[in-house]
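Presented as structure tokens, the chain that follows is alone, the form predicted alone.
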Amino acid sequence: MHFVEVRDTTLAYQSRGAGDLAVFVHGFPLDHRLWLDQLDALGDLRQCVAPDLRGSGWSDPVTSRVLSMEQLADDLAELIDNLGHTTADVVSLSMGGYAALALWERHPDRVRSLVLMDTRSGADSEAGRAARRDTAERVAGEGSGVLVADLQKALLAPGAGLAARVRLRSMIEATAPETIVASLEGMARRADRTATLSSITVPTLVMVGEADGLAPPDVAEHMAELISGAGCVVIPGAGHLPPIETPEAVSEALREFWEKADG
């Protein structure tokens, strides 16, 4: 692991390859291990960096009650700076997509290209906010492990392989309850950034697992329609976590996207 000072905390990250920077932003309640296959597969094209977001993985713990998408976005902007780059290809999934859209809104000059995977641009409904807060109460009472069974069912396609199931369990159980609770509240409070999509001017790819029940293909396709020139790729056999369910397909789609963007 590598470590970098970012604003008022220290972030851990894994890095592979050299050249232009690509930053891989994980979802909830995960860490950099979501992207290990992509880091290994794509290091010949980019310096591929997968950070543990604030409070996740090997990064410093959080003490705040709310982990906002704006805070994560500002962390990512400074991470890019502190790694010695001015811009990055930003690859994001789920909650990472919320942070990536906030990054574009707040620091568009840091984004060279954008991948939005299995995510949404809209805000939570009232029912969605209530469900997140109920989940926070469960974690406060029973710990991070209480989420494993529910999230394996919700995040993975039926019949997901052993490797995906084990890696997901490992990431959930390693995430501190404080981070889970603060992240849930941050997602519950996040802004609707649908209007932001039309402002995106960098090459953009929207990607989604065909069996994703949380941010399904029709949501991804609508997002792509709102972004000028964006492509949309539906990954067969994947649910909400294609990077660990169908890693080769994700890596190949990213390779094709970057090679096209590079001209």
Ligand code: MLT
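Heads up: residue numbers just count along the shown sequence, starting at 1. For clarity, every value in this text was computed on a predicted model and none was experimentally measured.
Just so it is clear, the following notes concern the form predicted in complex with the named molecule, a form of the same protein that is not shown.
- Residue 95 belongs to the set of residues with a heavy atom inside 4.5 Å of the named molecule in the predicted bound form.
- Among residues of the shown chain, residue 187 is one whose heavy atoms approach the named molecule to within 4.5 Å in the predicted bound form.
- The shortest heavy atom separation between residue 132 and the named molecule in the predicted bound form is within 4.5 Å.
- By the criterion of a heavy atom within 4.5 Å, residue 214 is counted among the residues contacting the named molecule in the predicted bound form.
- Only one segment in the set 219-227, 40-48, 26-34, 193-201 has residues whose heavy atoms sit within 4.5 Å of the named molecule in the predicted bound form; it is 26-34.
- Shown here without the named molecule, the chain has no residue in 30-60 lying with a heavy atom within 4.5 Å of that partner in the predicted bound form.
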